[in-house]
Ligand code: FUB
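What follows is one chain in structure tokens, specifically the form predicted alone.
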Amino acid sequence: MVISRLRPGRAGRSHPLAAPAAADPAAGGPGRRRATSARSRHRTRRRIALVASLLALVGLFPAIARADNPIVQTIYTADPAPLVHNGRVYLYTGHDEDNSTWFTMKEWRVFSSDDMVNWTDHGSPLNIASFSWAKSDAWAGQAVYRNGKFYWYVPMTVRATGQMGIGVAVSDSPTGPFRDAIGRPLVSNGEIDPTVFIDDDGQAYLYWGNPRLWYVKLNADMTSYSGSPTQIPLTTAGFGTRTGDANRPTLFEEGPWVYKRNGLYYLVYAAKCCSEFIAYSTAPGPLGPWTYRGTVMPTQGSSFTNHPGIVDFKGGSYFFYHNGALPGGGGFTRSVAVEKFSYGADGSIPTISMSTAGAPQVGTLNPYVRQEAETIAWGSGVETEPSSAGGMNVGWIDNGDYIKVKGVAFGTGAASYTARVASAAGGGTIEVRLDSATGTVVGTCRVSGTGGWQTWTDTTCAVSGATGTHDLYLRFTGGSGSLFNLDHWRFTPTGGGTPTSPPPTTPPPTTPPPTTDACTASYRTTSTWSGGFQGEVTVTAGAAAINGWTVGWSLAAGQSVSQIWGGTLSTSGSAATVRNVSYNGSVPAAGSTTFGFLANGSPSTPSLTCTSP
């Protein structure tokens, strides 16, 4: 049972990638839309939260404090499609709108993790409006990586025909921005749920279907195919026997997921609506013949649909699915969850049950480098929204809300905590706690009003008693209404070897910005430590607005970039190039945006170039 003070997707909120709402004069900055219906629903959820908190205190629901499933609590998510790339799992999902009584879905979302428990929200890099030919229904899709690009195959209702078609979007980054690759449906026969598999010989296959199962062989460009859509025979030997429906004699329903392991081809799918369970079949080749192997996940949870996704990551195997476990959840307001599992010696998939515990953590989280506030294992009461500084920030923070970050490795001890915050109200307090929302307080940071919800500044407080590895709880307190926004944070250690001081809040750029017609770029070192440093680059548009930017420089001897945020990095020898990401490519005339990075080596003063298409 999952009870928490959560409010997935308040009504009245603008689209995550839409232009900011009109300025709110009272707020002194970009306005955040607040609706009466949102406040009413918020009060209801807080009454639920009060009951849950009291029950947790008396120990009646101990699972509340340690649950990590569903893995996203800020919105309703569905139809998980995981992708492993460069040491991270990227999770592509749909987004069920609040209070839906049908599959009301307008956008797709992306999350990522390098430890399977702390998930970073990357917002929505793709929506119905991205496809000029689409009308509605942003349903289950899948993204794959090939030839340096990411291809996202998604079904939608085709405006001209009124039937479902499958489009393909492309991006240079796993988090977008994605764009329509061909300007029309790739295939359209009224059926749904695409999955893509690239075999060892390089041949890519697109599968989809409900009520039938189809495939095409994709060409190397991943945006066209050879031949015609072909049906895969749905036999009872291949897909099990369904009773009670003469029109559908097999168990196959929808949501295929195809992959290969140890020479065996797997097809995992939602079976026998309704309510669905997850079943699987195997074959010696990508097109069969298929043999029914049994149940992966029985009918469970409060959603009458389910949708599978399976990947291997850092030596473990993981099964993603959805249920209706969040407050207000159900068949049209679903939430993605994950379980770890092990294959049998014969390659069989065991029967997996839904849990609130979720997958175990892989490794620990480093608190001594910048961590995005939207990197969350469990959030209570908060939401995320696009940040003017790039990426997302945590917002809608009210008194008593909290964020859990799991498995934080403090080592020999933390000396201070620094958070990037903004508030158009009176601010509040961040209580830094260990192991629970009512756990030991090791630090308390005061947040003052900054004059706007996107007017950012740093707040720092001393920390004492944070040693070893603990779950970190950031608990927010203050008056009534929304208190402040949180963009990112980090700790400083008591010893050396990692950053030894918080990033300064107002140092001048160390490099004069070079002059170009389109844009300029300036650099500052924000922190240094033994063997590394943190840098920040500000991109400023010239006399005209720009739509996309690229910053380049030469890395000094011994330097290498280990982490970047607010941009997409590519390197060639000593040349480093950073391009904008989805949320910060458009910069108004004389406006600016920033990206930051962590690097190995000693800091230096680079000569930056900035260009715009």
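Please read all numbers here as calculations on a predicted model, not as lab measurements. In this text, residue numbers run from 1 along the sequence as written.
The protein also exists as the form predicted in complex with the ligand; that form is not presented, and the subsequent description refers to it.
Trainee: Choose one stretch from 187 to 195, 466 to 474, 351 to 359, 443 to 451: the one whose residues place a heavy atom within 4.5 angstroms of the ligand in the predicted complex.
Mentor: Stretch with heavy atoms near the partner: 187 to 195.
Trainee: Counting only non-hydrogen atoms and a 4.5 Å threshold, tell me whether 105, 140 and 305 all contact the ligand in the predicted complex.
Mentor: Yes, the whole candidate spot contacts the ligand.
Trainee: Mark residue 254 yes when one of its heavy atoms lies within 4.5 Å of a heavy atom of the ligand in the predicted complex, and no otherwise.
Mentor: Yes, residue 254 lies within 4.5 Å of the ligand in the predicted complex.
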